[in-house]
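Presented below, as structure tokens, is a lone chain in the form predicted alone.
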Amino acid sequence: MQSEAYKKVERDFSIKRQHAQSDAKRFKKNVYDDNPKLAEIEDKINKISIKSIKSRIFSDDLSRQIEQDKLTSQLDRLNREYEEQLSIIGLSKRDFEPKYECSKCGDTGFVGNKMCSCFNQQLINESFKQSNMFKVKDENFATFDFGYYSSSNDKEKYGIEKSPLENIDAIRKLAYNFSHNLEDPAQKNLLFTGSTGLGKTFLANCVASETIKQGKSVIYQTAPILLDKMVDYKFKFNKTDSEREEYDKIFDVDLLIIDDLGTESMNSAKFSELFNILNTRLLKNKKILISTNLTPQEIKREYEERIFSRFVGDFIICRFVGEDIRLLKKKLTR
């Protein structure tokens, strides 16, 4: 039985595809209104094409071949004339094709009988209500702005030898390489640490965007919501198929991003589920990116040793330093 999330995504894709086709028809009509010669040529092409089909069906062999040669010649000439007219106004036939968001499936959601990665990702977004995933179009590696990071070296202020600019450049490169090596067993996971407003969430979105571009799936969720979901599922008596599917995806999705670790109210059940997520995904070589405002020392104090040991052994700890970007933006808009 299809889940409500599946049905909604299916409807959304159908609407999206219809809109793309309607936009294409509208664009073509506007071009033809401004360039009636194109409409005339297309009308001739269509009439000759129909005539060609009738000739193949109703004519005898000799008459059919003579007629087909004649019609083919006419079609070739008209197609050349059509393309020349388009070229004059700076267009080609491809400009009349619908502009689907996904070139692989044409917004059908399927490639052959296989679910397209875009449909799968949208299904994940709907199932997990991933509000952050709407930002990946704007927050990606191409739009990452180094201008908010100081080039000054100040160990006393920032606590590291590098300048904030050198530091974020190194982290950005690390994050980009990470997003392209998710299946490599040697690739460690990422732990972003640092105060608020230093770009951790933005860079996590960059990784999510790059991962989706490669046709891989991402679950992006805050620690409080994710752990609540996990515990609720474990203690629920009657579990639906869609709930089981959501639970399994947490362990099987190509990349799991957990934001705001440390803002959840922990108890023994949540400790157990967090360890279960980390341990199971590590065993399956399924990558994890975690962001937190806590320092490594605070993580060690707040979480069990077995959880902290996973961070130390299986994650690259990336420390973000600098000025609060949100405050800098406010100053610039004054």
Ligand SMILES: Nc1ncnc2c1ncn2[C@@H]1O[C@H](COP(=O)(O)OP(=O)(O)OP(=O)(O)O)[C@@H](O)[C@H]1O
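Here the structure is a predicted model, which is why all the values come from computation and not from measurement. Just count from 1 along the sequence shown to find any residue number.
The next section is about a form of this same protein that is not shown, the form predicted in complex with this ligand.
Chemist: Could you tell me which of 181 to 189, 90 to 98, 138 to 146, 225 to 233 sits within 4.5 Å of this ligand in the predicted bound form, going by non-hydrogen atoms?
Modeler: Stretch with heavy atoms near the partner: 138 to 146.
Chemist: May I ask you to choose, among 158, 251, 176, 202, the residue with a heavy atom within 4.5 Å of this ligand in the predicted bound form?
Modeler: If I apply the 4.5 Å criterion carefully, the residue I get is 202.
Chemist: Taking this ligand in the predicted bound form as the reference, which of 258, 212, 171, 198 has a non-hydrogen atom within 4.5 Å?
Modeler: Flagged contact: 198.
Chemist: Give a yes or no for residue 52: in the predicted bound form, does one of its heavy atoms lie within 4.5 Å of a heavy atom belonging to this ligand?
Modeler: Judged by the heavy-atom cut-off of 4.5 Å, residue 52 is well away from this ligand in the predicted bound form.
Chemist: Is residue 293 part of the interface with this ligand in the predicted bound form - any heavy atom within 4.5 Å?
Modeler: Yes, residue 293 is a contact residue.
Chemist: Using a 4.5 Å heavy atom cut-off, state whether residue 326 contacts this ligand in the predicted bound form.
Modeler: Judged by the heavy-atom cut-off of 4.5 Å, residue 326 is in contact with this ligand in the predicted bound form.
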